[in-house]
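The chain below stands alone and is given as structure tokens, in the form predicted alone.
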């Protein structure tokens, strides 16, 4: 696919050159939060665990001051220019890019896992048309657990672990952490209950690489089905001749994408696959650390991503651009917004203090799509976005480190591909499954249940008063 879309590759390579020209220092000169961890760690922690060090990871790294995003040592620009989502998923999961045979076998496994007919049939029995896309996607993921694993079968019984009593894990955490190599209380086994002989062979384990492959493929199929059902159409079977990205466009829109559209969707999936210890990744890992299963852990990630402080900003960007409506009105709108100290959607990032590398890639892709197949409305919105970007960078870029983030152009890209606004956050989840499951698999190798503590700020010594004597 990459060889047929060289113009897209060229756009990405040019974006990389532009990014490197603006940041002249080498990555080795400034690389905070890298290297092996020697536990226990001293760090400054803010509310919401901000700044806390929870684990080590070799999967992804964000250098916000330089605008760099690294997957397993590879620059995101290079992966977008030359790789595919299938290849990147393998890289995140297994640590290295696949050989030819490994890539062929992995792609074949994803192809096999793309069909989840029982899940789709069951999902159609729910009022999906009345649900938001993320709620339906989370429901579908839970239903896929029933189709794919034996853990909900009547014959299944978990193994008898030397498990702890409810919340007993909190006892050692009321003292200062000492950085033990293993948890004071932990399960000695990490594989879950054994598969009963009476269960059909088609059912697989709830943890491990098998459910990981099924989730990467199956969640994409569910997303396509959710959109079709929401607008009164029947879900489509995956097309074995299309890539993961191509199938995603096909199952959502009902039309086979062009090679260019397939390639651009592929790039967007790569860009969203992983991004450090964000809220949805952390939620997924917390659930998995209890030795729950992969399906419920991913469902937690979807639930976290549903929150407006995490997902959905690209839809808000389009809403904002429609509100401005015209590039000629951008300056007045911008000045008024700055005066009222309101947030400009799609600008700024908690991590990046340089131009988000994902936005570097999505900007040229949006321009390409708008010029070649954009409607008059999309062309006007894109022109408005470019004018707003120019104004914001001039005012906020160098002084405050506020630049476009991944959400600023992704909505325009998705719109040009025919994706409804309601599905934008669902596409984020479809991509991020690869990162979520990769980090879970890595963490479970040396699992320790997450157990932060709170500082008690309440009262002591209160006397109990019977209800009849309490004043209203």
Ligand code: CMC
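Since the structure is predicted, the reported quantities are computational estimates derived from the model, not experimental observations. Just so we're on the same page, rigid core means the largest C-alpha set that superposes within 1.5 Å between forms. Numbering follows the first chain given and starts at 1.
What comes next is about the form predicted in complex with carboxymethyl coenzyme *A, which does not appear here.
**Prompt:** Does carboxymethyl coenzyme *A get within 4.5 angstroms of any non-hydrogen atom of residue 311 in the predicted bound form?
**Reply:** The answer is yes: residue 311 has a heavy atom within 4.5 Å of carboxymethyl coenzyme *A.
**Asked** Is the gap between residue 437 and carboxymethyl coenzyme *A in the predicted bound form 4.5 Å or less for some heavy atom pair?
**Response** Residue 437 lies outside the contact set for carboxymethyl coenzyme *A.
**Message:** Can you tell me if residue 424 lies within 4.5 angstroms of carboxymethyl coenzyme *A in the predicted bound form, counting non-hydrogen atoms only?
**Reply:** The answer is no: residue 424 has no heavy atom within 4.5 Å of carboxymethyl coenzyme *A.
**Request:** Consider residue 405 of the chain shown here, and say whether it contacts carboxymethyl coenzyme *A in the predicted bound form, taking contact as heavy atoms within 4.5 Å.
**Result:** Flag for residue 405 set to yes.
**Message:** Between 130, 231, 350, 255, only one gets a heavy atom within 4.5 angstroms of carboxymethyl coenzyme *A in the predicted bound form; which residue is that?
**Reply:** Filtering the options by heavy-atom distance leaves 350.
**Prompt:** Among 345, 123, 296, 391, which has any heavy atom within 4.5 Å of carboxymethyl coenzyme *A in the predicted bound form?
**Reply:** Answer to the contact question: 345.
**Request:** Choose one stretch from 370-378, 302-310, 220-228, 100-108: the one whose residues place a heavy atom within 4.5 angstroms of carboxymethyl coenzyme *A in the predicted bound form.
**Result:** The contacting stretch is 302-310.
**Request:** Decide yes or no: are 396, 400 and 428 jointly within 4.5 Å of carboxymethyl coenzyme *A in the predicted bound form, with each residue judged by its heavy atoms?
**Result:** Affirmative, all three are within 4.5 Å.
**Request:** Could you list which residues of 279-298 come within 4.5 Å of carboxymethyl coenzyme *A in the predicted bound form, counting heavy atoms only?
**Result:** Counting only heavy atoms within 4.5 Å of carboxymethyl coenzyme *A in the predicted bound form, no residue of 279-298 makes contact.
**Message:** If the two forms are fitted on the core, does residue 338 show a Cα displacement reaching 2 angstroms between the shown form and the other one?
**Reply:** After core superposition, the displacement of the residue 338 C-alpha between the shown form and the other one reaches the 2 Å mark, so yes.
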